[in-house]
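Read the single chain below, which is given as structure tokens and is the form predicted on its own.
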């Protein structure tokens, strides 16, 4: 299988409504990759956006939004495979079981509904096998870092590229579903796999960007993602209509797969020294610890940028704490063990079935490509300019901090006169001299 490369997505799931933006700089200050600038009183994305949507969370005016295609843009049909995130099971209250929700999706006209939570259980055991292999190496890459959250992956690729080799190199449940559901559906229905489209129902806008990135490498890729909030009410209606159809089973996972939606769900059944961390700033803090070599006694680190895990995603509907309570109830109901055939999964693992086709590489910044000598000259100019700035990190210039402002000036996308505090200081010094 050819190996493909993860590169910077050419699109972003973040949109800024200029009619609502008042240039308050809160989104700019919150961005972990310093991708936002405020120019002419309006916020704009100018750098590397990792789709964490921290800007959406802090915007007081609702001017910054995370978007996926609306449901009306999607075509139902017999060649559509739908794969919902396990988070979906926590979004309808205690009156709906996972099978009810999957039956509701089936009633919406999709040709095949795949229970992604079952694939998550299979992956969970494959992850355990990989950790066992890593233990035998003279210098294991511990702690291994979860590959499940696409935002964490992009943060690492941009801010912590030395940690890319710590990301688990297995195909994620999403990748496995995309590959296997299409193959099985096409075999059963006598059609070509490239004619089958897969719809991911997700709590996370980063999924849309990731699919867009993959489609750049494969023009035949018609897969799409839609937010839970965009399709939630229609699923509810169809699930209620299907409430009496109890003889058809579409949900196969145990509590392990169902529990993946909350923080700690990935490591719940993992026989390894592991830790789960959620929240953007906490995730960054722990990545710094890994980079400094402070967590080498840990074998696996589950990171999610959304608070409480994927149930706190921007496209969820239910309150995250109510959703967490419901997931914990479902885990007890379906059991705390995986419902997988271990020997069968071991066979697949030994055959390389879980190998990912994606090779992860660092994300490039928006800075111009320069030779070594040109880059040294650029850095010297930046350092010289920083010494002339007030260093109060106010953001009034339209850049998130003084260093970034200096970079913007050197790169020609900002003017030194934009530093309001420097001008004020100059005026105060002139006034004192007078």
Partner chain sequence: MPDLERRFTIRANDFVNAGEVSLEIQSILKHIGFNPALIRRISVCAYESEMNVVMHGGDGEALLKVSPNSVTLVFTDQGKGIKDIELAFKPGYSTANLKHREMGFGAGMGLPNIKESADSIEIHSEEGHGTTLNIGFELEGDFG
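If you're wondering where the values come from, they're calculated on a predicted model, not measured in any experiment. Positions refer to the first chain, counted from 1. We call the rigid core whatever largest set of C-alpha positions still superposes within 1.5 Å between the two forms.
Below, we turn to the form predicted together with its partner chain, even though it does not appear here.
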Is it the case that residue 161, even though its partner is missing from this view, gets within 4.5 Å of its partner chain in the predicted complex, heavy atoms only? yes
In the predicted complex, residue 95 touching its partner chain (heavy atom, 4.5 Å): no
Would residue 57 show up as a contact with its partner chain in the predicted complex if we use heavy atoms at 4.5 Å? no
Taking heavy atoms and a 4.5 Å cut-off, does residue 46 contact its partner chain in the predicted complex? no
Interface stretch in the predicted complex with its partner chain - options 285-293, 333-341, 254-262, 86-94, non-hydrogen atom within 4.5 Å: 285-293
Quick one: of 166, 106, 224, 360, which gets a non-hydrogen atom within 4.5 angstroms of its partner chain in the predicted complex? 166
The one residue among 392, 42, 370, 67 placing a heavy atom within 4.5 Å of its partner chain in the predicted complex is 370
Is there a C-alpha shift of 2 Å or more at residue 385 between the shown form and the other one once the rigid core is superposed? yes
